[in-house]
Ligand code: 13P
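One chain is shown next in structure tokens, namely the form predicted alone.
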Amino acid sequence: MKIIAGNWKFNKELRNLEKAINFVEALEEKISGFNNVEVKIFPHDSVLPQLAKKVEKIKIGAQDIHWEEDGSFTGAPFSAKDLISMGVKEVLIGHSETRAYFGVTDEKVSLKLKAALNDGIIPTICIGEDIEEKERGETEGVLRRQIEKGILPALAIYREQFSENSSLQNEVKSKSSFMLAYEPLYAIAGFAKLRGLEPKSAQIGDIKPAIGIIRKTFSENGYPEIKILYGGSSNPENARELLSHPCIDGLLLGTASWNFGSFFEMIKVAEEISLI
């Protein structure tokens, strides 16, 4: 089963509650007969609680999470228990924009991940190299660092907490998992333009080796089976090619998910490919 996830970011139109509700309700109706694609939407916090109550097939997630439940953290995102109380059980962690604009480091990714896992929230953890790192041939080093510093420590703590209690371990496994999103920043228009550069279209010849590095690193550390989404300026024109590759389990979309027509078209492509 392929996964199509839409990150609504700070889109002004989709922060309007009426428009956001109309969007998800119409999409729920359009995909009512689809059984081979998983659809996720990560809306802005301003409409997150209301959308979580409006969906059945679509999974609603938060764009970020705080690692603490209480304290002096002015401007912090919702905590894990906040999300659970709203009925939200998905979250993005370490998205490239939170790293670039809001100072989310590998260490903070690890803290956020631990908080999400402890409360059974399914995290989609974003990693990827920027344009300078790509040009210097540092892709493997960057990906390994982000995994080894930002992800594996939290997973190890989580695994250790339940290793001595098999019933608890089974309970936790049944309600929580995680997936990765590979975001090569050099393929994202916004980041390239910030540096006065044109974005480089990510080719499958670049994507497959990077995903191979990710899978190898996780496998070496006891996680042989993980789902990996590709997030890097995907659109209806390249969705079929990307989703046809077995190494790509789905797509994490940005602006392509803001338009109902393009978002649905990519969901439809995923449904068709999953049936092949």
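Each residue number is its position in the shown sequence, starting from 1. Remember, it's a predicted structure, so these values are computed and weren't measured experimentally.
Beyond what is shown, the protein has a form predicted in complex with the ligand; the following relates to that form.
Asks: Under a 4.5 Å heavy atom criterion, is Ser262 part of the interface with the ligand in the predicted complex?
Replies: Answer no; every heavy atom of Ser262 is more than 4.5 Å from the ligand in the predicted complex.
Asks: Using heavy atoms and a 4.5 Å limit, would one call Leu143 a contact residue for the ligand in the predicted complex?
Replies: Leu143: no contact with the ligand in the predicted complex.
Asks: So in the predicted complex, does any heavy atom of His95 sit within 4.5 Å of the ligand?
Replies: Output for His95 is yes: heavy atoms within 4.5 Å of the ligand.
Asks: Should Gly232 be classed as touching the ligand in the predicted complex when contacts are defined as heavy atoms within 4.5 Å?
Replies: Result yes; Gly232 sits at the interface with the ligand in the predicted complex.
Asks: For the chain seen here without its partner, which of 150-158, 132-140, 179-187, 104-112 has a heavy atom within 4.5 Å of the ligand in the predicted complex?
Replies: Among the candidates, contact is made by 179-187.
Asks: What residues, if any, in 1-28 have a non-hydrogen atom within 4.5 angstroms of the ligand in the predicted complex?
Replies: Counting only heavy atoms within 4.5 Å of the ligand in the predicted complex, the contacting residues of 1-28 are Asn7, Lys9.
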